[in-house]
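Below, in structure tokens: the form predicted on its own, a single chain.
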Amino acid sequence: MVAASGPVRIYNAREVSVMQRFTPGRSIAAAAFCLTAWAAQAPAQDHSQYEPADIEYGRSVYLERCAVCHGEDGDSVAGVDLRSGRLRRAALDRELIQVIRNGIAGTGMLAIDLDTAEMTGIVAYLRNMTYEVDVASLGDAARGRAIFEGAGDCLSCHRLEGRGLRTGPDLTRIGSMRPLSALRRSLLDPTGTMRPIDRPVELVTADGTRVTGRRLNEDTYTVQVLDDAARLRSFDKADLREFRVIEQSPMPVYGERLDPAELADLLAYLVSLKG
């Protein structure tokens, strides 16, 4: 730590490592001064970590929720330049999320209530406002709805606002629960992104009846299944001849079924489903 006229500053291990690497042989106080200059020039984050789909969706959220005060280019508030990438109160993403979620007391920055998809998108966009990112068009939600109900045949498995079957997860609020990038991965690789609880199950009862469906709940002794006929059924495991979890998702790979424009439209519709 460094004693000065102001408060005592305690440096973490990463900062000490930087001081030792860039200022060999100097006093800690001199090294700390060099660290401050180094930190001012260091990039805030690795921008390759953000999904292009989230960045594009985040831009639409920004224009709707933030641009009224900050402006389209992020520099309409005096003393704040969002495009600079250097946010004094939000060097890390978790800090940026807290600023957005809680606001800043005593300023015009009010708390903003965003769902999971919106928050993921706005953070990705704010970190990439000045970066050239190759993003595909998000598509048109109205066309996406027609695909969802038509060529996509999504209601044959999923429920949406009281319509469709229950053999797949209910999608009524999926746009507020999953980031756009996660929705895109689910359409392109349904098996690889399937959550364990959503994996289909197959069982054989004592009388030889074979049942397949979606597992809704399971404990040590019983399992509850929504079968392919959308009937809720409960079974004692001790009475089953067979019980296995199916690793392969029944959902088709939509990257093979739809062209890129149709896929973008379907994504736009899915992320609009806020319940």
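From a predicted model like this one, the values you see are computed outputs, not experimental measurements. All residue numbers refer to positions in the sequence shown, first residue = 1.
Same protein, other form: the form predicted together with ligand HEC, not shown, and the subject of what follows.
- Proximity to ligand HEC in the predicted bound form, taken as a non-hydrogen atom within 4.5 angstroms, holds for one residue of 160, 87, 129, 141, which is 87.
- Out of the listed residues 77, 146, 188, 92, 77 is the one that sits within 4.5 Å of ligand HEC in the predicted bound form by at least one heavy atom.
- At a distance threshold of 4.5 angstroms between non-hydrogen atoms, residue 249 is in contact with ligand HEC in the predicted bound form.
- Contact check for residue 68: a non-hydrogen atom falls within 4.5 Å of ligand HEC in the predicted bound form.
- When ligand HEC is considered in the predicted bound form, residue 72 lies well away from it, no heavy atom lying within 4.5 Å.
- The shortest heavy atom separation between residue 202 and ligand HEC in the predicted bound form exceeds 4.5 Å.
- Here the marked residues 234, 240 and 245 all miss ligand HEC in the predicted bound form; none has a heavy atom within 4.5 angstroms.
- In the predicted bound form, ligand HEC lies within 4.5 angstroms of at least one heavy atom of each of the following residues of 94 to 109: 96, 99, 100, 104, 107, 108, 109, in sequence order.
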